[in-house]
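Take a look at this one chain, the form predicted alone, written out in structure tokens.
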């Protein structure tokens, strides 16, 4: 029996990327099934019923989805973050969950720098701004994206440092960035802090009033990671108490209206999460996901598993 592979994307891949994925699956002897722009979760439950593997973007793979996938063996998230997948339930059902780290990294990093420039130049309002050159950039997590942000920051002539307690000193040396050993020191000494941590039980709402209150005068916080890592109520409070702090993100807070009403000249939010919204990143992540599915179904290879 031919294995079916579901491409389930509420926000579709670029047409060229999707077509390439379909062709790859067909040439590998697999049967591709495409579900795009669906609005009813029941459509996903029906589509996953008889597939062996599925590739998703920001789609929610809940316990219900996993239970509906009676033959499901593998879920691949086309992108780095995988908090939209119930990994624990997947593991309980012996379903492997993988991601495609690094495929969106350059796109997210470029957006990060773009928002830094926008904040520095007073949101292009015509008011006098500042330059990035000579300013201190703190990278909160030196992974695939953070490494590129650090490199781009150095290209702008910034003094770059990073905090990442999971890395050895040699990684900081290779990236030519200063190693910060206390998170409070990153926030208190940098003109710009760029957040790249995942949403985990340890990090959710970890960027809170206590930490933000240590920010350097006039500093800006840039978040292209996850909304959940920011304590939004306490961010609102610190911006009320500290009229010098600025915030930019590609994930608008739930109470974004309050931010815009009170601090329109100090905040910026993109209309939707768009760090990976480039033609290149879209294609790279999709093709990487397709290759990983083929590797597993045809050769039994497990790549980039996130629920061991």
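Note that the structure is predicted; figures quoted are calculated from it, not measured. Numbering follows the first chain given and starts at 1.
What follows is about the form predicted together with a small molecule, which we do not show.
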| item | value |
| --- | --- |
| Candidate spot 79, 226 and 273, all three touching the small molecule in the predicted bound form (heavy atom, 4.5 Å) | yes |
| Residue among 283, 256, 58, 62 with a heavy atom within 4.5 Å of the small molecule in the predicted bound form | 58 |
| In the predicted bound form, segment of 80-88, 150-158, 125-133, 214-222 with a heavy atom within 4.5 Å of the small molecule | 80-88 |
| In the predicted bound form, residue 298 touching the small molecule (heavy atom, 4.5 Å) | no |
| Non-hydrogen atom contact residue 23 with the small molecule in the predicted bound form at 4.5 angstroms | no |
